[in-house]
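Below you'll find only one chain, the form predicted alone, shown as structure tokens.
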Amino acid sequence: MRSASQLKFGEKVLIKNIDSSHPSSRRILEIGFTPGQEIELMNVSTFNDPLAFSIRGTLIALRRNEADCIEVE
């Protein structure tokens, strides 16, 4: 399994699944990170946390531990 937190800068992938056992999974689904959506890692901060993803035409920053529950293809 590969998570969104493991992406390299500029890499585009499709979301495969969201780990529902993660405490932030509901919030992540509500802000648009749903299976089948394409995401791209747009920016990584100086200390590698947070990560900025482009999804549905907008830029959303997630903490690395939140991005861990997003399984990608």
Partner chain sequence: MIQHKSSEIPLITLVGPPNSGKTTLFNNLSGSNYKTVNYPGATVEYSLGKLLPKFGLKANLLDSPGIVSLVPNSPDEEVSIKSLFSHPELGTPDIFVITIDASQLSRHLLLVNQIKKCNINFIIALTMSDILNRKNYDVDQVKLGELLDCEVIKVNGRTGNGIPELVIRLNKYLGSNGIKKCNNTKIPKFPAEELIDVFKKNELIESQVIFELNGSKLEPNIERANRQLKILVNQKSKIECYKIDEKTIRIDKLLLHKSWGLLFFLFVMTLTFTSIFWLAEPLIVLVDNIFGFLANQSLKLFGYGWFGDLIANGVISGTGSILVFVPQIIILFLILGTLEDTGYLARGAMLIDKPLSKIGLNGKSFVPMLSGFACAIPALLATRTIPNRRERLLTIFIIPLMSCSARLPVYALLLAFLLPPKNSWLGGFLLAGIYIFSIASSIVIASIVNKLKNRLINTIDNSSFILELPAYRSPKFRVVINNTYISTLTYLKKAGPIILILSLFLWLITTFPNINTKIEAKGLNQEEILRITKTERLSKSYAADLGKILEPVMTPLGMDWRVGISLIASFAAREVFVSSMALIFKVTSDENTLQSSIVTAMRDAKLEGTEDYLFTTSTIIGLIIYFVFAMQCLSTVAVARKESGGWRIPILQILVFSTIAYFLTFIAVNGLRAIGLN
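The structure presented is a predicted model; accordingly, all values stated were derived computationally and were not measured. Numbering follows the first chain given and starts at 1.
Omitted from view is the form predicted together with the partner chain, to which the following refers.
The partner chain is not shown here, but in the predicted complex it comes within 4.5 Å of a heavy atom of I28. Contact annotation: D19 falls outside 4.5 Å of the partner chain in the predicted complex, judged by heavy atom distances.
The shortest heavy atom separation between V13 and the partner chain in the predicted complex exceeds 4.5 Å. Residues A52, S54, R56, G57, T58, L59, I60, A61, L62, R63, E66 are the ones in 52-73 with at least one heavy atom within 4.5 Å of the partner chain in the predicted complex, listed in sequence order.
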